[in-house]
Ligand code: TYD
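Just one chain is shown here, as structure tokens, and it is the form predicted alone.
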Amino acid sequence: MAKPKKRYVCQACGSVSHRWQGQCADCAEWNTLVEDAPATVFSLKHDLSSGGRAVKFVDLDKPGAMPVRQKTGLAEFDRALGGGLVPGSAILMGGDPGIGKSTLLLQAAAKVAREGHGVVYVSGEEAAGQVRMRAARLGLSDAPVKLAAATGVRDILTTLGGMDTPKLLVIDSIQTMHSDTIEGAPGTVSQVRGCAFELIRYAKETGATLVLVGHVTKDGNIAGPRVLEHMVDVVMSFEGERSHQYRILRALKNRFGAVDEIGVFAMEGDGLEEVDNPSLLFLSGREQPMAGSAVFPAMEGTRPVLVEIQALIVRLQSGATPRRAVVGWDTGRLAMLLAVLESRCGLSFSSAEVYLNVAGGYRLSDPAADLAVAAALVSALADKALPQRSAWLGEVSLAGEVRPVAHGGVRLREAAKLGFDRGFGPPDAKNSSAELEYVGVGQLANLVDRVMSS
């Protein structure tokens, strides 16, 4: 056996170096290289003299019962998961501190336990008494959840091996877990990777559903090695602003369902409440028509969500540098849209500050929002309100053309349900809806003429 070699692992990106240095060569972070357990170099030739255990193969069409999803009792949680918990799956949930991850999982665990299924909740960050205080505040004290405060993975697996296999196992959080077989402090790359591997292997062998809570970095990414996201079956992000009431549960990776479904919750005094109609939440407080306001029917998976886009134009004195501020949308796409309005429509934004906001803290990445953003900008520039109870959708090209978007009919039908009587979009027959009046806009210049002449 060769002599063990020292190696240093970056705690930010997980890259390995054979010598210590102040700055990581891959992610350029400072003072993140930590000495890891010595790596032993083995011969590349496999020694099969000691034999091994034969691997059993099965056919894809082998008859037998397929795994049945377990409902959590929270419809929005189940929607984001793709229909419920899959037995033997591993779920990684990340989110900003204090956003409500532990509250959501405690509510889901209590509902599953009340259905008669075994649930184990292991907290590595809080004492058992602190978790019980939260459960009492949420009205969940009577739920038969087995609660423990522990950080040793060997102790946790030993305890689980001596009891009936739980239906749901929650580990809060994976960065606090520690294995005595691995060198390093809790939260290091080797510890997170090793502890997660042991817990995931337990879930796969027993059929328990494992939920791991993950810390996030200042950039919003899950802390620890990136391989952790590859090891699990589902990666979920719990998003929202602390100053806003709503929270969005989004699947970033899902081996058992779609990744574009979301669950919407509202933070109340007694915990998280499901929001059946998110459009009413994001459009709340919008009563009188105002200049610079446009409604866009977005699509989140199979669910249409109506959001309000707000724009403000402020004229500056000559010589001042204009500012561009965007909340909830892509800054680069706003710059492109402003360039199209100036070049193709003859409008001038060069001497004005432009502020764009998606109401409610919602974040948009759908290119179909181009027409709604353009309508809000032109309305703010002209200081004229857009037609009341109107929805806008369409992608804008660099030539100023308004192009078709996916699911136009579904978007407009949702707008009609909420009392909107007019829709503006590309001249596409598929977008027309008998439930409201549809107006086709072929060029962005047509929109400018309509707003300016109103």
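All residue numbers refer to positions in the sequence shown, first residue = 1. Keep in mind the model is a prediction, meaning the values are calculated, not measured.
There is also a form predicted in complex with ligand TYD; it is not shown, and the following applies to it.
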* The single option of Leu334, Ala143, Leu138, Ala359 touching ligand TYD in the predicted bound form, heavy atom within 4.5 Å -> Leu138
* Using a 4.5 Å cut on heavy atoms, which of Glu274, Asp270, Glu115, Asp180 is close to ligand TYD in the predicted bound form? -> Asp270
* Asked: in the predicted bound form, which of the stretches 154-162, 257-265, 181-189, 96-104 has residues with heavy atoms within 4.5 Å of ligand TYD?
  -> 96-104
* Asked: Wondering, does Arg134 line up within 4.5 Å of ligand TYD in the predicted bound form on heavy atoms?
  -> yes
